[in-house]
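What follows is one chain in structure tokens, specifically the form predicted on its own.
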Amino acid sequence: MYDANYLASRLRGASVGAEDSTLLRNHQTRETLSYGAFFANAERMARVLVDAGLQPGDRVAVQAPKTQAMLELYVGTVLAGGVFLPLNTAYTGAELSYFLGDAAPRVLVCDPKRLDDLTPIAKGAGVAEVLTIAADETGSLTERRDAQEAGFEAVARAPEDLAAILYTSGTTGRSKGAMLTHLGLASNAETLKDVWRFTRDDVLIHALPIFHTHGLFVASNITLMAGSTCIFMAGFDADAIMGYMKDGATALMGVPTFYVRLAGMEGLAEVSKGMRLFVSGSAPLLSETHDRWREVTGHAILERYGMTETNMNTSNPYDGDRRAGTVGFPLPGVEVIVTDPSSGAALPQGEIGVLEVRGPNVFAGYWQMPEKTAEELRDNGFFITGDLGRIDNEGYVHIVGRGKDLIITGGYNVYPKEIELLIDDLPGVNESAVIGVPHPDFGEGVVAVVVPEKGAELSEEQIRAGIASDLAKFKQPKRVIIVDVLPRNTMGKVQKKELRERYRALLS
């Protein structure tokens, strides 16, 4: 009864005949959920949505805690022919107003704690039904789910139909809704499952949020498609993760912060012996973190590269050299090229330019933004990522930075990553971020924002002197700012836009 629904049939496929197998081990409740019970609940969720008036193609917006019920709602939305729209739990009412007004969802699901605040906003945006899920799995949605009869005939959906919309962070203007298709999500998860060797024997530690590509469309979809077991955690807990490593887990997907914190845990070398795979993404992994992890555990972290608009594009190899500072090779079926940012012409191997991606994983365009879609999605199918990078002679892809982070000073291009790597290698430096701010003579001037290691004392003069011999004069920071922490979003990405605003007048 799932065959007519392209994505749902693939999410369900591995568990057919294995309904009693464990899908989720809930960290909070210590309860387990079988594949059979999960899909039965997802079908009931689909019934709830149809009863609420959901038609094929209608959006279901969700801003709620990470729960089993939210994952069931995702699959239930797909079964009902809807379009799943997960929203960051940190978004304010004002931000929600934009997303709801833009996407015009039929249903909004939120935390009961926010019901009074969000109901007027939802009604103002034309949302027909507001339901709730709490962190403890209670709420009006789960009540309605439990009142439904079992069974649901999946609504027919073709590969090119929309399955989800994910909004970008909006760092260069108002947020854009990336339209993700059934084919895009299914093909990417199936490829990753095979490339990363996931099977029914795997037990994945899932401590990522599920309003984001990494936690929902990578970790969760791979688990479902492989028939694996998932330890479902509301958030990162180093002690608990250590315990799960010791107690039979085989894989961890995380952001670099996970690995930085875990690397300092006593006993890591011993508890990690039974693990087969550590994946990192969503933000750049520092080479020293990669090296430290290998030194302590004997495992090489597998770093990959993806985007909201494409899911995953490249991956370091499962077998072979997982090189620190690279994001590996294009995934099977995915093409990656480097082009001149001004002309769009392909550049020779090794040169820095804009990365462009083509494959079944690429999104269908931006929701209600045809002009923006035309700017970033070429007629030949290549998506202009906005990321600056190069491909070396062995085919490894290197990310240099975002196009918007490129600094043009006195007519010369400066790539922040080049300077950051040099600064990060200096004694006493934990991490750095290099930005361009307005300069009266050069247009932009280079500024380095540096975080010292705990207990280290650093000065602007030390940093500047430490890198001076390795950089041309125009690349050298005109100022170095020492700070305690760098601003980050929920997935650990450094927010350079915030730094540029903070230090905008520094060189004026």
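Start at 1 with the first residue shown and count on from there. Remember, it's a predicted structure, so these values are computed and weren't measured experimentally.
One more form of this protein, predicted in complex with a small molecule, exists but is not displayed; see below.
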*Using 4.5 Å between non-hydrogen atoms, is Ser282 touching the small molecule in the model of the complex?*
yes
*Considering only heavy atoms, tell me if Thr132 and the small molecule come within 4.5 Å of each other in the model of the complex.*
no
*Quick one: does Arg25 come within 4.5 Å of the small molecule in the model of the complex, counting heavy atoms only?*
no
_Test of understanding: in the model of the complex, would Glu356 fall inside 4.5 Å of the small molecule by heavy atoms?_
no
_Val327, Val255, Ile435, Val107 - the one with a heavy atom within 4.5 Å of the small molecule in the model of the complex_ = Val327
*Between the options Asp161, Asp387, Asp202, Glu431, which residue brings a heavy atom to within 4.5 Å of the small molecule in the model of the complex?*
Asp387
_in the model of the complex, segment of 98-106, 274-282, 68-76, 84-92 with a heavy atom within 4.5 Å of the small molecule_ = 274-282
